[in-house]
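One chain is shown next in structure tokens, namely the form predicted on its own.
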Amino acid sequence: MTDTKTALVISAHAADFVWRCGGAIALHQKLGYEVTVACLSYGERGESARLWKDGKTLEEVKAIRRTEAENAAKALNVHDIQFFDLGDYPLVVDHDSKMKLVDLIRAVQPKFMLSHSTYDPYNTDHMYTSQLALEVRMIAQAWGHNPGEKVLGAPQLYLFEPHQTEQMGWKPDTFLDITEVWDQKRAAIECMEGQHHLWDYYTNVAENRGNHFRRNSGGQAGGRPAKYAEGFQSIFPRTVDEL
């Protein structure tokens, strides 16, 4: 259907989409969107310390991480999740893989996109993915790329929250109330057994952003009583008929 509402998440590692925008995914699925997640890597080298400490092999780590991500995607009701298996630390995307991602964007025709902050000195895979998201978006918009295909319009690219916001130059300008789907996000978080230490951390982040949502929606003078929220930074100007 040409009027289907869609969204695309470009996630550097298999767990990033869970911590950083799991609520947005579950909420938009509930609103009738079809949300596709592209995982560029499993995070097998740099984000699976617990599994390596247990003596797992590389292939075992990748298989476990994939299963965790698939289970999390089910908890969030993700429409489609695709694994590119490009490796991590460092994440390297060759030309063919980049064009595969362009093909995915054109196939999905997202109304909006979600990816990482533009700067992350703690994890260069993340900021590389942000630049990649901008590049493949640009290519998908080009009429001269694979002429005859439907070109991409101008979807907003939202940058989801990095791990240490103070160090990243990330400034949220959009807060999303995810209270009604929080149980789904927490269930997805608990699918990520390899990073148990982050479960409560990202619960606290959601609670803090809930406070920011309440404050910015009117506070004690009539703000919405959001308990959990996610923050995003938009890259492009937004065109609206009313604020």
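Quick note: we count residues from 1 along the sequence shown, nothing fancier. None of these values were measured; they are calculated from a predicted model.
A second form of this protein, the form predicted together with a further copy of the same chain, is not displayed here; the remarks below concern that form.
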- Message: Quick check on this chain: which one of D85, D80, E135, D103 has a heavy atom within 4.5 Å of a further copy of the same chain in the predicted complex?
- Response: E135
- Message: Although the partner isn't part of this model, could you tell me whether W19 comes within 4.5 Å of a further copy of the same chain in the predicted complex, counting any heavy atom of the residue?
- Response: no
- Message: I'd like to know whether V205 contacts a further copy of the same chain in the predicted complex, with contact meaning heavy atoms within 4.5 angstroms.
- Response: yes
- Query: If you check in the predicted complex, is D3 within 4.5 Å of a further copy of the same chain, heavy atoms only?
  - Reply: no
- Item | Interface membership of I64, a further copy of the same chain in the predicted complex, 4.5 Å heavy atom rule | no
- Taking the partner as it appears in the predicted complex, which of 66-74, 207-215, 34-42, 184-192 has residues with heavy atoms within 4.5 Å of a further copy of the same chain? 207-215
- Task: Would you mind checking 41-77 for residues with a heavy atom within 4.5 Å of a further copy of the same chain in the predicted complex?
- Result: R45, G46, A49, W52, K53
